[in-house]
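Encoded as structure tokens, the following chain is the form predicted on its own, with no partner shown.
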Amino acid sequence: MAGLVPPGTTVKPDASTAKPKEEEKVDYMNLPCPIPYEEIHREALMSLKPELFEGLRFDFTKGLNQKFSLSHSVIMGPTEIPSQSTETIKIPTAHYEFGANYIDPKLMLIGRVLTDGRLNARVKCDLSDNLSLKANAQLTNEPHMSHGMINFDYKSAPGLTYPPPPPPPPKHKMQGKDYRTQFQFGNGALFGASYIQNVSPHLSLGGEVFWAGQHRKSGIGYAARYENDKMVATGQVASTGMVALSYVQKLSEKVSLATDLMYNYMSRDVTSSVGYDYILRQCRLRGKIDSNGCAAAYLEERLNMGLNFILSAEIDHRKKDYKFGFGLTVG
């Protein structure tokens, strides 16, 4: 009779006989590869630092074939002139920019030339399945203002068998299963190296060193990044005095909130900002406000296939500087 249970009664399983929930095992020898060291604040920068502009901007891109395209840009608006006074000095300017793009799965060439004499170039070439070359340069008419940077990136191919291949030559970027390291150099005797590694499925730690031979300055920095499906938190500190913290909270697939803090413990300067990133069906809206009282907003709306309308606004009440811009992108 003790085994009889009245109808409608729920029988709770004995805690001693219930199977414990199996914890998900983590294979620390097969962690995912982290993002590059220079992109640890990527999500926060996307929300807090959109490409704000002032005046009129028109961009037109015409594809000649599947790999080659030409671009034309017209930029009309004031340009700020450095001055020792608190008021902002602006002069009206207008530029035309011509560009050529060649995009292939193993080769990317991008060039831009402006009417003021500036020339920008970017190259990305996959020399092999594991080795790629990245370079960017800017040439100007102003003395000592031209610069260039070269990177050699190396990443291990998937499904490698042991023993592993011999190490790549110096100044290469090696990408293993759970780490990245990069060596780069540029004009002015600039050399840098960075390393970042995943120590858990959500946490990555890294560091960097650099040497600027022209200015006889060197530095070292450390960084940490924690991310999951709902948030991304990053921290970075360098011997130059810079401390950078950022946090992004993903409320949904379309809405995220972001905040950052920049502090220089040598000059005692500190700046913080909060912002949002809202992706709608036809547009994307980003905005922020910082501790200096500067508020900004950036709207990208798709009017039709290949036709986008852009609105940009930035208001700085302290400096009495107000910037408004609108643009159109075709292609």
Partner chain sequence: MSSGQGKKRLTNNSGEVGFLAKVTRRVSDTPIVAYTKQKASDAAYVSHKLLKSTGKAAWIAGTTFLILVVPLIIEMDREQQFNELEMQQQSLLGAPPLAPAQK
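Since the structure is predicted, the reported quantities are computational estimates derived from the model, not experimental observations. Residue numbers count along the first chain shown, from 1.
Omitted from view is the form predicted in complex with the partner chain, to which the following refers.
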- Message: Does any part of F324 reach within 4.5 Å of the partner chain in the predicted bound form? Heavy atoms only, please.
- Response: yes
- Message: I'd like to check something about C283: if you look in the predicted bound form, is any of its heavy atoms closer than or equal to 4.5 Å to a heavy atom of the partner chain?
- Response: yes
- in the predicted bound form, I35 touching the partner chain (heavy atom, 4.5 Å): no
- Message: in the predicted bound form, does G287 come within 4.5 Å of the partner chain, counting heavy atoms only?
- Response: yes
- Task: Could you tell me which of 43 to 51, 274 to 282, 261 to 269, 66 to 74 sits within 4.5 Å of the partner chain in the predicted bound form, going by non-hydrogen atoms?
- Result: 274 to 282
- Task: Using heavy atoms only and a 4.5 Å cut-off, determine which of R122, K106, K254, K230 is in contact with the partner chain in the predicted bound form.
- Result: K254
- Near the partner chain in the predicted bound form, with a heavy atom at 4.5 Å or closer, the residues from 295 to 319 are A295, A296, A297, L299, E301, A313, I315, H317
